[in-house]
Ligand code: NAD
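Encoded as structure tokens, the following chain is the form predicted on its own, with no partner shown.
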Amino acid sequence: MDQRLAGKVAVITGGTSGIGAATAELFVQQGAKVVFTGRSSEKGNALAAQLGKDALYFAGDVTQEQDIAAAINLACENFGKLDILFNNAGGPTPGGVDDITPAQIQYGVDLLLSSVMLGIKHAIEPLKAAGGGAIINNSSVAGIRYNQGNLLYSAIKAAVTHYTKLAGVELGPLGIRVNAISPGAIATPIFWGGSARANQLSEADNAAKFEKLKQNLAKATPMQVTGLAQDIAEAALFLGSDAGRFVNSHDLVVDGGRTSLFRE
């Protein structure tokens, strides 16, 4: 079978665990050369060693614009170009409607929205130089329905989805497609405090939490199955590959039907 990303170069943010790590692995399997970012050097270096010469780890923080730009530059310098950017990095954003603080708002915006906007900004020129390409933004069903995340997270993810659609209109004439993926409840460490929390737990504890989470999340979809990081990686593969050449300014919901359930 032909590799669907043969000859392509991708940058994936938040690539040391969960959806990002699954996508980096799948992209390399499908022939891409990948630069992935994340704050856990231990996990990043281990994954890079596992994936081999076609993957590079960059220890970066997407709340810092210079790190976003540096990751994209690293891909261009080492692999010669950029074809795909997956703005995937994220995490929980604390803050309730009655007690939210300016610091919480700023952190949520920096992590989930500014990182997307700045990633797009820095990807435009290298994507133009490559003759076009694909930008994929990880959004969420929380931006579509109530009670799929806290209010701050949900509001920011709605902004990510809307910004995706607008950016696709702006950049389409340049041959740059911009799409979002809105995962449903996907079994990843974000449910027990994010990758930083998962890094503090033993392998056995993380495995136990993962199995319990899978059982609980399966009850929340009509299919009665749990969404996995690999499901979102496959969606990113479609949007990043030539198979998705006519898909632009779209939000691809991957949730097993969760958002069609009329219950809170």
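For clarity, every value in this text was computed on a predicted model and none was experimentally measured. Numbers follow the displayed sequence, beginning with 1.
Keep in mind that the form predicted in complex with this ligand is missing from the display, and what follows is about it.
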Handout entry: this ligand contact in the predicted complex: residue 135, any heavy atom under 4.5 Å
Key = no
Practice task
Would you check, heavy atoms only and a 4.5 Å threshold, whether residue 39 touches this ligand in the predicted complex?
Solution key: yes
Handout entry: Proximity of residue 179 to this ligand in the predicted complex, heavy atoms at 4.5 Å
Key = no
Handout entry: Partner contact for residue 19 in the predicted complex: this ligand, 4.5 angstroms, heavy atom
Key = yes
Handout entry: Position in contact with this ligand when the complex is considered in the predicted complex, options 126, 119, 183, 149, heavy atoms within 4.5 Å
Key = 183
Handout entry: Sole residue of 72, 171, 111, 156 within 4.5 Å of this ligand in the predicted complex, by heavy atom
Key = 111
Handout entry: Joint contact, 61, 89 and 188 to this ligand in the predicted complex, by non-hydrogen atom at 4.5 Å
Key = yes
Problem - Segment that reaches this ligand in the predicted complex - one of 126 to 134, 162 to 170, 98 to 106, 81 to 89, heavy atoms within 4.5 Å - result: 81 to 89
Fill in the blank from the handout: Near this ligand in the predicted complex, with a heavy atom at 4.5 Å or closer, the residues from 130 to 149 are 138, 139, 140
